[in-house]
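As a starting point, one isolated chain is supplied in structure tokens, in the form predicted alone.
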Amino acid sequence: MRISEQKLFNNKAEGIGILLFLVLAVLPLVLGIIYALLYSLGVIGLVSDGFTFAYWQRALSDAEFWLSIGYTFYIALATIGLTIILSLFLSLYFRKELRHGLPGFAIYVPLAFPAIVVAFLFFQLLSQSGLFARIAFQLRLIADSSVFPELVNDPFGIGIIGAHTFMATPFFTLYFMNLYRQANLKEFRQVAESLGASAFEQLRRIVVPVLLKRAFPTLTLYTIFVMGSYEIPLILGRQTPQMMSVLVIRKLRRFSLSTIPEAYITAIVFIAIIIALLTVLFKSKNFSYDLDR
């Protein structure tokens, strides 16, 4: 009787690939976090005076720090919520149109734009001196450009949310269309229709739950991407409140060296919050997904 031996890797190439990933991607990240932690504790760095919690106390007692965390979560959740609504609408009601012709080509165009280009585009369109304000003035809808609604550099992050939604909606529209086909939801809807379910009930009870359940990992990762974005909130956001990425960079680049440990503390706490949320989400007993179907 031959006992099969379980291998850690299927082949040598897979083992080398994982090793390279750990060395080139994971190890620098871990070393960076360790460096930031030691710097924030005063063990190393330009302002090192020995081990201390003073920087942590100062950073965690700063109201701007907690306001920035709340603002970052608000922007990310508002963006992903709006993206889901638009993507589901397009993928379910314009599925045929988006497979060919001009709409099928146009849906790919926003995917080619870098974030900084989208940020400048929205600034030129939505600012009080931008294209939309000028059109409204020429149409005599407003008496002066200053009357135009404040859509960029505004306290509610309308420009930031709009720019991220513009970038994400085409991707998730195509993603939902692909999931719709892979999950054979057309056949499921036909069965539900034969059992007397209305079109709205088919969407509410079958299509939307299945799509969201299968897309949950990708939606979660994109939400984290929005929370860590830099170019768009830098150009379209205000000085206060700021998203976490902009706040960290601002503290790092100040003339005062005393704010550098605070920048590292801000980054460490933010990373810890993200890891904790991911752990809760992906280890929940009520959550399961299938990436193979």
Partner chain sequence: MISTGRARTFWVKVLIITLLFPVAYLLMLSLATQWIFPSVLPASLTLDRWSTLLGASNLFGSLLLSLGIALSVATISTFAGFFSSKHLAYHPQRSLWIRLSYFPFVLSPVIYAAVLYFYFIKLDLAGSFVGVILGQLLIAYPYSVILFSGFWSERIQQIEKLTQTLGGSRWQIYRRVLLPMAQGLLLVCFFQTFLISWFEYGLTTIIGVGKVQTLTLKVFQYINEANFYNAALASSLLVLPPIILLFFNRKYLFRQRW
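Quick caveat, the model's predicted, so the values are computed rather than measured. Positions refer to the first chain, counted from 1.
There is also a form predicted together with its partner chain; it is not shown, and the following applies to it.
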**OP:** Give a yes or no on whether every one of Leu141, Val208 and Arg238 sits within 4.5 angstroms of its partner chain in the predicted complex by heavy atom.
**Re:** no
Original post:
Closest heavy atom of Pro114 to its partner chain in the predicted complex, within 4.5 Å or not?
Top reply: yes
Original post:
Ile85 near its partner chain in the predicted complex, any heavy atom under 4.5 Å?
Top reply: no
**OP:** Although its partner chain is absent from this view, report whether Leu195 comes within 4.5 Å of it in the predicted complex, heavy atoms only.
**Re:** no
**OP:** Classify Tyr230 as contacting or not contacting its partner chain in the predicted complex by the rule of any non-hydrogen atom within 4.5 angstroms, answering yes or no.
**Re:** yes
Original post:
Within 4.5 Å of its partner chain in the predicted complex, heavy atoms considered, which of Phe216, Phe156, Phe105, Phe188?
Top reply: Phe105
**OP:** Let me know which residues along 50-85 have a heavy atom within 4.5 Å of its partner chain in the predicted complex, or say none if there are none.
**Re:** none
